[in-house]
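Read the single chain below, which is given as C-alpha cells and is the form predicted on its own.
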Amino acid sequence: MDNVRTRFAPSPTGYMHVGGVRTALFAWLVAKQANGKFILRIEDTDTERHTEGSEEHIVQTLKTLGLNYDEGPDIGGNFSPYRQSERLAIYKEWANKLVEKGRAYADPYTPQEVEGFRNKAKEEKKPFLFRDYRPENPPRWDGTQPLRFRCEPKDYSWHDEIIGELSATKEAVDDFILIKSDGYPTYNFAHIVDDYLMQISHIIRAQEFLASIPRYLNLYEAFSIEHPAFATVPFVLGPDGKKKLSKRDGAKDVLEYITEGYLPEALINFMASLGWNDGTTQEIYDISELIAKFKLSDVQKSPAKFDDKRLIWMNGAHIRRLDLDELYKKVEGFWPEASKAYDESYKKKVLTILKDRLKYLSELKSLTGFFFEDLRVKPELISQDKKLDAIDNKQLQEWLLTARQSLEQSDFSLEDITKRLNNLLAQTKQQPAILFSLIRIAITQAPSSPGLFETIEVLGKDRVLKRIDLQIAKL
C-alpha cells in the first residue's frame, strides 16, 4: 500500500505497560518498513479517567524506546491538533453531518431509563439493543443531551490483516453514543473522524475493539468514507497465562524496566516476539532486522504469554552483543558508590570479565562490590557450602596458605595465575568445586563471581594476598 500512515492513539490514564507499547511497536514497524509515517495521537476525551502527567509519560516511553513518531502533540504536523480534547469543533461539525442525514439523534433518556430497558431485555431473555428503544420523536440536539448514531443494521464481512476473514450478523450493529452530554466525543466516533482526516492507512489495535467493528463499518458507510486496513493484535496474557496482562494485576511500567537496566533494544525485541515470529528459529533481533522482517500476516492469532525469565535472558543476550565501549556508556550510574575512587581503565577490566554474566545493568552494583572495597569476612559463606562445611577449618587454612604462597610468587598475568591454580589442584589432590570455591570466597566474600582466574588478575596481587590472609585468620 502506498502512503502508509499508522498511528498509536493511547488514552492518558496512567503508565504504559508491555501490552500497550507492543501495539505501538507493531504500528511503528509497519510504518518504518514502508517508509511511511507513524503518528502519536492522544485520545483524552475520557475526562474522568485522565491522569495528570500521563501524556508526558507516554511521550517519554516512546522516545526512550526509540519509537519516534513523525507527527504528534508535542511536535505538530500537517493534521494538527493531535489531542482529541483540542478537536471538539471538528467532531461537532462531523456530528452535524449525521444529524442532517437523519443518521444521528438526541438521546432523551436518563441513565436510569436506559438501565430499565436493559433489565427488560434481560427479563425477556434477549440481547439488549438500544435501537429497539429509539425515541419516536427525539428532541433537537442542542449539545445538552448525548447524541446517538442511528444505525442501519446489516450483516458484514471484512478482512483483518492478522486474523483473516471475519463476519458478523446485523445483531452486532446498534445505536451508540457519538457525543456525550459534556460535549466530548466517544472513542467509537472520534477515532473514525480522526483516522479519516489524518489519512491513516492501517488501524492496529487490541482485541477488545473487535466486537465493535460492525458498528464502525456502519458509521463509515453513513459518512460515505472508506475504512483503513484493520489489524487486530491478540492479547498479552499475564505470567500465569490465564488473563490479560493489566496494570491492576501488577503489570510494570515499561520505564521501570529501563530504570532497572533493561536495554531499550532488548525490550523492543521482547515485545516484538510476543505473538510474532518470522517463521525461523531466530530469537534475537536488532531494530533494523525487525523493520526488515516484520509482517502483520506473521502475527499469531492466539494470545501471547508474558514471560519474565525470557525477557531477562533476552536482555542478557543484547548486553553480550555490545562492544566494551558501548556497554561502559550504558552502565554509567549503575556502579557501586565505591567505584568512584577508580579510573575508567580499571572499571573496563571489571566490565570485561563480567559482561557475559550480566543479565540487566542494575545487577552491576551487587556483582562488583568486591572489586572496589574489601568486604567483611563472612563465615556463613563456607558453612553454606556443603562440601566446604564438611572439611576441618585447619585443612581449609592449609589449602589457603598453599595458594597464597604460590600466588605470591606469580607475576599475576592471567596465564601464570591459571597455571599456578591448576597446579594447586594436583598438589592438594582436590576438585575445583572445593579448592577454587574456597579461594573464591576468600578473595570476593561473595557466593559467586566471574571466572576465578580473571577475577584474581583484575583484583591484583596485593589485594588478593591481603584477603586470603584475612580469611585464614578468620578460620
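One rule holds for the numbers: they count along the sequence shown, beginning at 1. Not measured: the values here are computed from a predicted model.
Another form exists, predicted in complex with glutamic acid (GLU); not displayed. Remarks below refer to it.
S.K.: Does any heavy atom of residue 205 come within 4.5 Å of a heavy atom of glutamic acid (GLU) in the predicted bound form?
M.R.: So residue 205 counts as contacting glutamic acid (GLU).
S.K.: According to a 4.5 angstroms non-hydrogen atom cut-off, is residue 416 in contact with glutamic acid (GLU) in the predicted bound form?
M.R.: No, residue 416 stays farther than 4.5 Å from glutamic acid (GLU) in the predicted bound form.
S.K.: Please run the contact check for residue 10 against glutamic acid (GLU) in the predicted bound form: heavy atoms, 4.5 angstroms, yes or no?
M.R.: Residue 10: yes, in contact with glutamic acid (GLU) in the predicted bound form.
S.K.: Decide whether residue 55 counts as a contact residue for glutamic acid (GLU) in the predicted bound form under a heavy atom distance cut-off of 4.5 Å.
M.R.: Residue 55 lies outside the contact set for glutamic acid (GLU).
S.K.: Heavy atoms, 4.5 Å, glutamic acid (GLU) in the predicted bound form: which of 205-213, 375-383, 306-314, 145-153 makes the cut? Say which one.
M.R.: It is the stretch 205-213.
S.K.: Work out which of 346, 187, 328, 117 lies within 4.5 Å of glutamic acid (GLU) in the predicted bound form, going by heavy atoms.
M.R.: If I apply the 4.5 Å criterion carefully, the residue I get is 187.
S.K.: Can you name the residues of 32-55 that have a heavy atom within 4.5 Å of glutamic acid (GLU) in the predicted bound form?
M.R.: Stretch hits: a single one, 43.
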